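Before any questions on binding or motion, here is one chain by itself as structure tokens, the form predicted alone.
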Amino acid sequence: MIPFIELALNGIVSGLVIGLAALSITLVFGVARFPNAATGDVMSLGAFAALAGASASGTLLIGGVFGIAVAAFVSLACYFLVFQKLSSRPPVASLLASIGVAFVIRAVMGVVFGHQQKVFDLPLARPWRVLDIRFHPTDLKISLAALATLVAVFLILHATPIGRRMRAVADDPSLARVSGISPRRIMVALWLLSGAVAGIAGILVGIKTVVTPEMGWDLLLPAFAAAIFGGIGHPVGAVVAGVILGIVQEVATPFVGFTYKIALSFAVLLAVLLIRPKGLFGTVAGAR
């Protein structure tokens, strides 16, 4: 029983990170109306930039801030260079373009950083043991960082003028435009926010595992599954679904193996599309 509790706790940590990636996807979908397949590679870029920043500064905090800034900047650059020009086209055009953007970012990372696995230089720490249940201190820090990010995003969406305008555009773009809301400012804020969230998710994944150019791409399917499972365009649903997926994947590891647990995301995605296409929260909506 205890091993399954430990797996479930590990699944919560992984699920929070998946939830962050799904949140980045659902923010873009809620406003820009297309699923951004480049999210995973922006995650990887944020992790590599954080590694470089931490190596140069000697502290993970400064490296993390640098990684988040790089991810946000690249996300915004992708909007201006690619997605803004496709805004009048059907959403599938932006989706296909985002796949191309993902390949470009990954190729650049491979050339600049190489394909070897890299790790953050963290001090060694013994796992905590409570009632024979082991929990690593790093996992607690990752969970707290993910939760703090989620709280910050929801405060931005609900307690700031730019967040309220973003939600208004997500709910009804035409009415928001008539009301005098500037679409350009909203899109700039959206892409900076989604890029920063993706960058944080990538850094947390890199801290928990290893950093490679393919790291974010490998996590893209669970993130998409969580976004759809929770109700595409629904931030709360994305996070809840991410945690559920993380727990299911980790608890199932003894039965299906580490390599094949990712297939559970396919199974969940297929089941949701067949049984409840609108997701857990039952509505296709913008960021609320």
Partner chain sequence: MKALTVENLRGGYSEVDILNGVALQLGIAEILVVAGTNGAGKSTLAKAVAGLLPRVSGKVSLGETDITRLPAERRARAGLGYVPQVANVFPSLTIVENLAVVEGVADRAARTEAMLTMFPALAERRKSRAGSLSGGERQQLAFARALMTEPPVVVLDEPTAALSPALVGESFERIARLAKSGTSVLLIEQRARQALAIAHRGMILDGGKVAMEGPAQDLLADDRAARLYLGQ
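Residue numbers count along the first chain shown, from 1. The model shown is predicted, which means the values in this text are computed figures rather than measured ones.
Heads up, the form predicted in complex with its partner chain isn't pictured, but that's what we're talking about next.
Undergrad: Does at least one non-hydrogen atom of Q116 fall within 4.5 angstroms of its partner chain in the model of the complex?
TA: Looking in the model of the complex, residue contacts with its partner chain do not include Q116, since no heavy atom lies within 4.5 Å.
Undergrad: Given that its partner chain is not shown alongside this chain, does H136 nevertheless sit within 4.5 Å of it in the model of the complex, heavy atom to heavy atom?
TA: H136: no contact with its partner chain in the model of the complex.
Undergrad: Looking at the partner-bound form in the model of the complex, is G180 within 4.5 Å of its partner chain by any heavy atom?
TA: Close contact exists here: in the model of the complex, G180 approaches its partner chain to within 4.5 Å, heavy atoms only.
Undergrad: Please run the contact check for D172 against its partner chain in the model of the complex: heavy atoms, 4.5 angstroms, yes or no?
TA: Because a heavy atom of D172 falls inside 4.5 Å of its partner chain in the model of the complex, the answer is yes.
Undergrad: Among A168, A189, L150, I156, which has at least one heavy atom within 4.5 Å of its partner chain in the model of the complex?
TA: Result of the distance check: A168.
Undergrad: Have a look at 118 to 126, 181 to 189, 205 to 213, 71 to 79 and name the one stretch with heavy atoms inside 4.5 Å of its partner chain in the model of the complex.
TA: After filtering at 4.5 Å, what remains is 181 to 189.
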